[in-house]
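Take a look at this one chain, the form predicted alone, written out in structure tokens.
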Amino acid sequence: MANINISCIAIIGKQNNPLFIKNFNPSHADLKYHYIAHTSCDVMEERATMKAQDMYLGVLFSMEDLSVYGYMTNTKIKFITVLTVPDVIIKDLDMKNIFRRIHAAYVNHASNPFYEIDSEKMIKSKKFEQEIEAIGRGRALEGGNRNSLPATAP
């Protein structure tokens, strides 16, 4: 996997309400990423109608030194990742893997019986935040990937 410098991970709800925004770049204010996340919503909805099959929407737009990537679930939850523009080319496969990890973390959180799925409240879970932090910092989850099936003996 290429050296990907993630600046922000945002999760936006069905009604375009922010559910979670994590800033990994102290040189940019949180408000900037709120703005980027909301401007991405229109682009994502437009692209989602054209790409009915694929949840990964690719590069949504670039601004200044940032590139914005999008992923929309079949339940219209939007995942947005903002990258600092690197000197290397980012492969779609690498970005798809990052979005799959974010999606798996969200599904694990949403599976909690006390979580209100259609709530407009921000996600406040230490475990979820740790998982997103690990993804944003490029670390593997402790104990391996919980979402993979165990290997079976032949």
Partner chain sequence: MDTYPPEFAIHLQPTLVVSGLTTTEDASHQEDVNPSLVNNDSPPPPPPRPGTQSSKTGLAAQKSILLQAMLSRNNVSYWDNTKGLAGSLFYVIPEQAAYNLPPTRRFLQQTNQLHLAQQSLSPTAPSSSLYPDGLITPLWIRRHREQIPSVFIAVVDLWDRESIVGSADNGQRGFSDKGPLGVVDPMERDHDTTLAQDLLERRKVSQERGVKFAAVVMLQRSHMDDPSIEDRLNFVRKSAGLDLKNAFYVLPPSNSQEISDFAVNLQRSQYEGSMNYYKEQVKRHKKKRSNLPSTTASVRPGQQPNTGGSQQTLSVQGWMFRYDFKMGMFSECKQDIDNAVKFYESAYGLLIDMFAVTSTITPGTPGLQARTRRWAEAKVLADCLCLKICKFYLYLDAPSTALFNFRRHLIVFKAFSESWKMGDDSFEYWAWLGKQYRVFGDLLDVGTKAGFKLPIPSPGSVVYGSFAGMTEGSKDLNKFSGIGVGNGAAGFGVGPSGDAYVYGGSVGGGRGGGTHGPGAGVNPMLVLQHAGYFYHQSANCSVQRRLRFEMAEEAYPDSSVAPVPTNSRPYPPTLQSMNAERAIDHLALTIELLTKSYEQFKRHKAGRMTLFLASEIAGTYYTAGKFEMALKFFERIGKTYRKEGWNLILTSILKWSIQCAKELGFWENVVEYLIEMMSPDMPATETKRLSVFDELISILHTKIHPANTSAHKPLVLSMPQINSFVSCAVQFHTKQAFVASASKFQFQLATQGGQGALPKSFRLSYVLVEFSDPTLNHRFEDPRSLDQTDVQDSLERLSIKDRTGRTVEWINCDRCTFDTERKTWITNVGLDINPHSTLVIEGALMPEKEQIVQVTKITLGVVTEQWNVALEFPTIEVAQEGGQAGTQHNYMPLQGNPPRRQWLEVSRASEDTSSSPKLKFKHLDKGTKRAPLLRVVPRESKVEIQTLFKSPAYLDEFFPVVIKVRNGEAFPVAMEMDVELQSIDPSIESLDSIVLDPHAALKSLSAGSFQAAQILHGIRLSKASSPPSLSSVLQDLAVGEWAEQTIFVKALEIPTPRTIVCKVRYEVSLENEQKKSSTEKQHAFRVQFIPPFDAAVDYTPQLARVSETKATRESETALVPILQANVVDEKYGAVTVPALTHTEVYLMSTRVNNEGPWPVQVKEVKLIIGSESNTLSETSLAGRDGAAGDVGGLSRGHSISRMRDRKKSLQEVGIRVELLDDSSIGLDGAASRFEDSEDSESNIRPWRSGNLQTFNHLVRVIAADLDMAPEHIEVGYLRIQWRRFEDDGKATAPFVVTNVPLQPLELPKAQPYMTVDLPKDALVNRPFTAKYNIHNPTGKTLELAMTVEPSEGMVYAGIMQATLKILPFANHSIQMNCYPLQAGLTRLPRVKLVINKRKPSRRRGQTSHQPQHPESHEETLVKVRGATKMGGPQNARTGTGEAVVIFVKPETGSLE
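All values derive from a computational prediction rather than experimental measurement. Residue numbers count along the first chain shown, from 1.
Same protein, other form: the form predicted together with the partner chain, not shown, and the subject of what follows.
> Quick one: is G136 in contact with the partner chain in the model of the complex, heavy atoms, 4.5 Å cut-off?
The answer is no: G136 has no heavy atom within 4.5 Å of the partner chain.
> Is K96 one of the residues lying within 4.5 Å of the partner chain in the model of the complex, judged by heavy atom distances?
Taking the distances in the model of the complex, the answer for K96 is yes, it comes within 4.5 Å of the partner chain.
> Give a yes or no for A37: in the model of the complex, does one of its heavy atoms lie within 4.5 Å of a heavy atom belonging to the partner chain?
Heavy-atom contact with the partner chain at 4.5 Å: present for A37.
> Are any of the heavy atoms in I102 no more than 4.5 Å from a heavy atom of the partner chain in the model of the complex?
Output for I102 is no: heavy atoms all beyond 4.5 Å of the partner chain.
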